[in-house]
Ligand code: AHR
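As a starting point, one isolated chain is supplied in structure tokens, in the form predicted on its own.
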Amino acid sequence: MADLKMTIDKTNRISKINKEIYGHFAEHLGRCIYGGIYVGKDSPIPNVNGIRTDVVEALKAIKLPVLRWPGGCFADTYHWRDGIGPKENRKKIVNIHWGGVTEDNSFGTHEFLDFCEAVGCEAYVALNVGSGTVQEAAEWMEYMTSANESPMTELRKKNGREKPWKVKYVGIGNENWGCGGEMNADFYSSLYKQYHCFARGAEQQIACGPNSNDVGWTEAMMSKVGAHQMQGLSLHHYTVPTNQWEHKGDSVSFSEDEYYNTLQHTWFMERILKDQEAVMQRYDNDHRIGLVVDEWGLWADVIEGTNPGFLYQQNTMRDAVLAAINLNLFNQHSSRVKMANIAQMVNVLQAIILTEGEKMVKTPTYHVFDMFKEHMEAELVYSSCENKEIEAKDGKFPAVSQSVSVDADGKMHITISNASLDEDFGIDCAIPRSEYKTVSAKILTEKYNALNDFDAPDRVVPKNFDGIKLSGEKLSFTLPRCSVLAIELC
């Protein structure tokens, strides 16, 4: 067992960790919406107005801060008027991006915004820029957010909603460099400014940013749009186990070498954040524009026998460690990263929840979000930790990830993960000027490919961790292999 020294300076406050860093994403894709969130009023599955009550309660428990909808690629084929009014009159369309299935639009604007109210989270609506119009976007924003008397507000009232909803975030397009219209940055930046002028009603407008680490796109947006016309710039990056989109790798049956390779790939997020921040800093030294990582997570091959367009994969202890690495990185870069949205919330990609009929499972990734939730709205403080590098096929990466925050009540929260499969680490942590008297902790640890399924939903769950010694300004503990640990000091 190697011993690693860690230092925390609780007086060195760096930045606020926005709650929205712990955000989520729900697209009309596979069984994310239908069967995952929405089952209809007549379903035998317990629901309120068609929304699954078990899913709502699970999301409230992790204090879901923000939800992005309706996509994704689906957003740039979505026409909002198809999803309002009596359900029997709603237009049916073909979901051209995800499986070619019929979309009956029974889950639309009212259902989404009512769902956000039920959960208690902010709404993040993605507008259709790829195949829509400025007028369509402007009228949708008016329909949702205006309290004035107008044709759109009268239509909303006719459909059963008297008061406007609060829509805090609006995304102007999605992946407009790809499925959102195959645009170049110059064209999109001009189009963005047009939508910015007319699609009003949200507190913050978020522009389409780069595909992974495309600094050229970011440079164009920062130079041509700027801080007075956007409050956020989105970024999409997925961890693909093999780094090959043609064969991404299995979500359950993978070797130790594949486990290490996957985590080595996910550490590329650190390089992305540093490079993107460097470009944004040149144009926005005051950090008025946030970096919004509104699609991230592990993208593996679909479970054999399922619809390839539904992107259904399982979720293991590997996903938990991967989530911890990324969330710790977002915390550490919270001076610029203002929101992140894991893809996706239910039954798609690195989901936090899986459903099958009336059954529901909380995945290992769900439990990481639950363990990390105390960071929300707390202040990031300085921390450093010695590390050990792990050798993977495609390069080396750090075994340990960590971040530390102090909340409004003065409590300190430390989240730390160990990616090693064969080595525990003794952590000796110095916290100068510490006056903490009590310590508590929870740990998530299991075999690297262990998972929760409908037969064993609690195979991978957090447990109380008593192996921590607090003595004055010293904190010491053993960080087990393949684990995620959350510590609270009071």
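Residues carry their position along the shown sequence, with the first being 1. Quick caveat, the model's predicted, so the values are computed rather than measured.
Keep in mind that the form predicted in complex with the named molecule is not shown, yet the notes after this line are about it.
**Q** Can you work out which of Y169, W98, W217, Y259 has a heavy atom no more than 4.5 Å from the named molecule in the predicted complex?
**A** Going through each option in turn, the one that passes is W98.
**Q** Tell me, which of D370, E295, E111, E103 has a heavy atom within 4.5 angstroms of the named molecule in the predicted complex?
**A** By the 4.5 Å heavy-atom cutoff, the listed residue in contact is E295.
**Q** Check G72 for me: does it contact the named molecule in the predicted complex (non-hydrogen atoms, 4.5 angstroms)?
**A** Yes, G72 sits close enough to the named molecule in the predicted complex that at least one of its heavy atoms falls within 4.5 Å.
**Q** In the predicted complex, does H236 come within 4.5 Å of the named molecule, counting heavy atoms only?
**A** Yes, H236 is a contact residue.
**Q** Applying a 4.5 Å heavy atom distance criterion, does T365 contact the named molecule in the predicted complex?
**A** T365: no contact with the named molecule in the predicted complex.
**Q** Evaluate L327 for contact with the named molecule in the predicted complex, applying a 4.5 angstroms cut-off between non-hydrogen atoms, and reply yes or no.
**A** No.
**Q** Could you tell me which of 432-440, 47-55, 449-457, 25-33 sits within 4.5 Å of the named molecule in the predicted complex, going by non-hydrogen atoms?
**A** Result of the contact check: 25-33.
**Q** So, W299, Q344 and L349: all three within 4.5 Å of the named molecule in the predicted complex by heavy atoms, or not?
**A** Judged in the predicted complex, W299, Q344 and L349 all sit within 4.5 Å of the named molecule.
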